[in-house]
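Given next, in structure tokens, is a single chain: the form predicted on its own.
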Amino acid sequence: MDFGPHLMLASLEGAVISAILVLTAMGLSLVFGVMRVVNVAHGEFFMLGAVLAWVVSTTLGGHPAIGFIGALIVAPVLVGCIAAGVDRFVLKRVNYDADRTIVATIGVLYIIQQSTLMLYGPEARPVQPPFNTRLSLPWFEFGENGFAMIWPWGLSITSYKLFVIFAAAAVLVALWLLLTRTRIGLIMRATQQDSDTAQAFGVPVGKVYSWVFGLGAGLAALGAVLVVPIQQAHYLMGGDPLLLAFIVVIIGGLGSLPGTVIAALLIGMSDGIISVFFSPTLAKIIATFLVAMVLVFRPQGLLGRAET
């Protein structure tokens, strides 16, 4: 295969990675932006969403689409409820102190991980995609007569991967509408700006924190449900999403949702392209190097606000 179609396939793979990464990182950024909490257990909520997707799809049986739709509904809601319980019974008890919150979420990480190991087992288990048709894709080649469309049979992608990209975009639009066009979003933004003043005006800050923490975990679980037909679900799969989500949030700016989207696209596309042409290890090294450069030259991130 020539370089052109090879690059196109690598870009599509990078777009799929970006789609999952933006959902996972958006949940982490939302929690930090509103609550000022660093959730180290965020990757385990991702893993829990993947495992629950397997459980739901296996339990429902029948056509794969039935189990997948059930998982899309059940897994994010259930993980969100678990996260809201963690906020109420753990984070609230430590008064959202920065140091104690990190230690507490590390404890939650190991509790979720080991509980999943005992109940689910160490095996990696696949979830069948609801549809998986291979689609031939065109690419364009510049010749003597200008651009010409080439349609090789060897250049293709599965319909499910395209669905993941569009589904993530739809979720981002819905989240933006929630934050900017609804009363719930107004309350969340008011709590983010000044929680004390918001509470003085009657905003139930404690409930808002629980909802936000649950929403952040639910977004991670939703990303896991989308990715588990591509990757297998296992109890140790939360590490890489957590690392990449932290990288995205740091580069984009802590608490900056637009910065998170831009950074997720940057890291996801570069990860996909570099992994195809070179190696996944090099992609992780470059992502870590970008974090170091951002911390040195722009500590607040691409779109983050500098501390005054």
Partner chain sequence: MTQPTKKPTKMNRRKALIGLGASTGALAAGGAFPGAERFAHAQSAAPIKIGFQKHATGIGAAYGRWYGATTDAAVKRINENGGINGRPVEIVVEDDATDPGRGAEVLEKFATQHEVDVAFGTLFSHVVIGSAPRAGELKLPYFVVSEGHHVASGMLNRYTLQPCITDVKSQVISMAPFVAENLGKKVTMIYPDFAFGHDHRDFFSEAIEAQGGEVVAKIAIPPTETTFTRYFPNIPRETEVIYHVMVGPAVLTFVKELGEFFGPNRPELFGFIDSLEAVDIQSPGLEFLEGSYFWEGMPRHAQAGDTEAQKAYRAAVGCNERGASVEDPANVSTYAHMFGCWETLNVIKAGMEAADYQGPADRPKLIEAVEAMSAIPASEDHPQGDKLFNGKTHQVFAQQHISKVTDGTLVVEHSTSIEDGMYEDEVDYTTQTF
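Positions refer to the first chain, counted from 1. Quick caveat, the model's predicted, so the values are computed rather than measured.
Below: the form predicted in complex with its partner chain, not depicted.
- Interface membership of Thr281, defined by any non-hydrogen atom within 4.5 Å of its partner chain in the model of the complex, is confirmed.
- For the chain shown alone, Gly85 is not a contact residue for its partner chain in the model of the complex, no non-hydrogen atom being within 4.5 angstroms.
- Using a 4.5 angstroms limit between non-hydrogen atoms, Ile230 touches its partner chain in the model of the complex.
- In the model of the complex, at least one heavy atom of Tyr235 sits within 4.5 Å of a heavy atom of its partner chain.
- Proximity of Ile17, Thr158 and Gly272 to its partner chain in the model of the complex is complete: all three residues have a non-hydrogen atom within 4.5 angstroms.
- The listed set Ala124, Ile73, Ala174, Cys81 contains one residue whose heavy atoms approach its partner chain in the model of the complex to within 4.5 Å, identified as Ala124.
- From the list 113-121, 73-81, 163-171, 210-218, the contact stretch for its partner chain in the model of the complex under a 4.5 Å heavy atom rule is 113-121.
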